[in-house]
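Presented below, as structure tokens, is a lone chain in the form predicted alone.
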Amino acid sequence: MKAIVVREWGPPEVMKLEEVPTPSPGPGQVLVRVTAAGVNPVETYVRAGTYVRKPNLPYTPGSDVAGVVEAVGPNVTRVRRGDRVYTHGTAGTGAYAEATLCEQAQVHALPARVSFQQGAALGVPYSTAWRALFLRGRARPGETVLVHGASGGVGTAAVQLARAHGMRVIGTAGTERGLQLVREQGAHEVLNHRAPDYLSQVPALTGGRGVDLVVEMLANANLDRDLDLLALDGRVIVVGNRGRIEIDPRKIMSKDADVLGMTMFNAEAEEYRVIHAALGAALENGAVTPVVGRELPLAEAPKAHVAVLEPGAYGKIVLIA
């Protein structure tokens, strides 16, 4: 089979399409024939060698795929050959490939209403949004949430999930296309984060109360301003960051506020079980529908790694195997 292989840390061009052996499932494992693979920003940091967690070289990037179960190993009871599935994680074989090996706990049913391309947009973005909102952020119906970068993969997931749970949603984006997308996903208010004073509109939108929760995708640019926007007992969930920032801790003290970080690498097995049980129900009843903004062939993984970090995010980038 063909797969993207990284043999050294470096720029996107270190990713090469190679012929590799097709893995065979062992006990409790599932072999998935990949139709589409999701591209996540964290994969660019890993490839560059700058992320705190690094796989052993050589490796195949990625964790999110959608496709059909091709084979199952002994003791697999949750899926059968021929099932449509999406994955969140692999058994070390990576997602940027024509087939990947997963532990059965990493494989989840993909309803017929959801395309394979959409299924590839589920794993990291939707689990990150769910964990940020409900497990770390303690989001509740009736609260107001500000989602920065709401037109991207995690952002659209956060808007859909928050709206489905009865929250008031304010979303930001940086292009007219992105702003329209955020509106279509259900945000009550949409702000252009390229306007210099866009956050000054938030107090009026909340009747002067502030927001209960901020889902922050670029903390190095926004965190200090986020603290100004919080209501009493408000929370900021840091999902993404690309550098350092100076903040005034008095802003946290004066509102009994919380600044919380999160990464899916810290999630425990029970959290994954809860997240994907909830996402499965939301997929079946139509409460969430992943947005795919761009599809590229597997061989163009380097181009995808450039695009996923560019401004003007619009949905999810997926590779077609």
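When you see a residue number, it is the position in the sequence shown, counting from 1. As the structure is a computational prediction, the values presented were derived from the model and not from experiment.
The next section is about a form of this same protein that is not shown, the form predicted in complex with a small molecule.
Practice problem: Select from the listed residues Ala95, Ala150, Ala162, Ala120 the one whose heavy atoms reach within 4.5 Å of the small molecule in the model of the complex. | Solution: Looking at Ala95, Ala150, Ala162, Ala120 one by one, just Ala150 meets the 4.5 Å heavy-atom criterion.
Quiz item: Looking at Ala221, Ala109, Ala195, Ala231, which is the one with a non-hydrogen atom within 4.5 Å of the small molecule in the model of the complex?
Solution: Only one option qualifies, and that one is Ala221.
Practice problem: Indicate whether Ser254 is a 4.5 Å heavy atom neighbour of the small molecule in the model of the complex. | Solution: Close contact is absent here: in the model of the complex, Ser254 is far from the small molecule, nothing within 4.5 Å, heavy atoms only.
Quiz item: Could you tell me if Gly240 has a non-hydrogen atom within 4.5 Å of the small molecule in the model of the complex?
Solution: Heavy-atom contact with the small molecule at 4.5 Å: present for Gly240.
Quiz item: Is Ala301 one of the residues lying within 4.5 Å of the small molecule in the model of the complex, judged by heavy atom distances?
Solution: No, Ala301 is distant from the partner.
Self-check item: Contact flag, Gly312 vs the small molecule in the model of the complex, heavy atom cut 4.5 Å
Solution: Heavy-atom contact with the small molecule at 4.5 Å: present for Gly312.
Exercise. Tell me the stretch among 86 to 94, 69 to 77, 204 to 212, 151 to 159 that has any heavy atom within 4.5 angstroms of the small molecule in the model of the complex.
Key: In the other structure, the partner sits against 151 to 159.
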